[in-house]
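What follows are structure tokens for two forms of the same protein chain, given separately as structure 1 and structure 2.
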Structure 1
């Protein structure tokens, strides 16, 4: 059985008297990929910040039964185009050794770009550089915010395969925050659908048939369903008559 590395228990959070998270409980396990989805304004970023320890909940518990070492991949970064910084130097800013930087770049397949200015990387190359920086210290939890943003479909497929491989080789838990409903379903073990509260959660093939999921995303969305061999398989949702779920999009 996979080992629990982080648990959020009955989390509540509000900002300016507006409830953002309402009784949210999440369990993350070693070697397991969890994807957090939901509409804009659903509280995904706030939940991720609580998991990262950057925001304290109003109530509820954040519990880790093991010493937690988190690697974080942000959705985007802004680097001054006039700043002369190489891809290697960008990793070195995390204050790690030369061997660790070289190993991380090798792991994500961009060791040939060591001397390339970070501003000159393509979308896919930049995402790999951000991923390399996230794995520098051998984390037991990776938090990836929109990890395939700005990458074409083929590149997305390769990145998701790499993330799946990292979960195994690092034996770490992975939380992906994503708006993508297509390739992401083939690259995750469990899905959490959030809209202020947890509307539904479970394996991708079950989530896509859940009335709460259908209420937000519709029943004709073409998605790629999860397979145990993590190959990509496209199928259209073939649900029965639409049923209103308990989760409504207020945005």
Structure 2
């Protein structure tokens, strides 16, 4: 059994009286890739920030049985063009070791861009630079927020392959936030479908059959008449934190 790295237990969070996360529990394990999916406004980024420790939940526990070292790849990053900073220097902010920086640049395949100003990188190159910075400190948990945003399809496949092999070599847990399940399917051990609360979770091949998933994502890919009845997929999934009746957001 893989080692538990981080556990969130029954997290609640609201902003300006709007409930964003409702009784959300997540467990992240060493060597496992977990993908967090959900429509816009589902609370994915908030959940990721709670996992990162940047946002405090209103209630619920964040427990880590091991010393946590997080590598984070933000969704987008905007650096003012007046700040003269090279890609190499950008990495050095996280880890001053020269060999570590060079190695990370090598790993993500942009060692030819060492001296390039970070603002001049293309979308795909910037994603790689961010990934390089995320792995610099030898993390045991990688959190990737929409890691392939703004990257073309070929580049997306390459990035996913890279993330996959990194998860293996670093032997770390990975949490990936995405709004598109199709590309990440094969590379994911666990999928959590979020819409304020956890609609369903489990292995990707199960998730895609789940009525709650289809209700949110399936309209374009499957013709399906949804009868919202949690007892149906409860049996099929054996999902842990999912309780019938806590699914108030979509009916």
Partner chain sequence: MIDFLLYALLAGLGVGLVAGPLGCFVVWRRMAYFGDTLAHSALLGVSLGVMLDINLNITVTAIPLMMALGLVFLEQRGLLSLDTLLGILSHSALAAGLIVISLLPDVRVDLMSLLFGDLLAVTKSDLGVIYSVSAVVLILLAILWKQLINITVNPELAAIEGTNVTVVSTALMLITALVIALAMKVVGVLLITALLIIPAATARRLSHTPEKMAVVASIIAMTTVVMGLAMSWFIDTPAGPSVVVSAALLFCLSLLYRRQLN
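Numbering follows the first chain given and starts at 1. Predicted model only: the values in this text are computed from it and were never measured. Take the two forms, find the largest set of C-alpha atoms that superpose within 1.5 Å, and that set is the rigid core.
Asks: Go through 1 and 2 and tell me the one that is the form predicted on its own.
Replies: Structure 1, not 2.
Asks: After a rigid core superposition, would you say the CA of residue 153 moves by 2 angstroms or more between structures 1 and 2, or not?
Replies: Where the cores coincide, residue 153 shows only a C-alpha shift between structures 1 and 2 that is less than 2 Å.
Asks: On a rigid core superposition, how far has the CA of residue 82 moved between structures 1 and 2, in Å, if you could check?
Replies: It moves 4.2 Å at the C-alpha.
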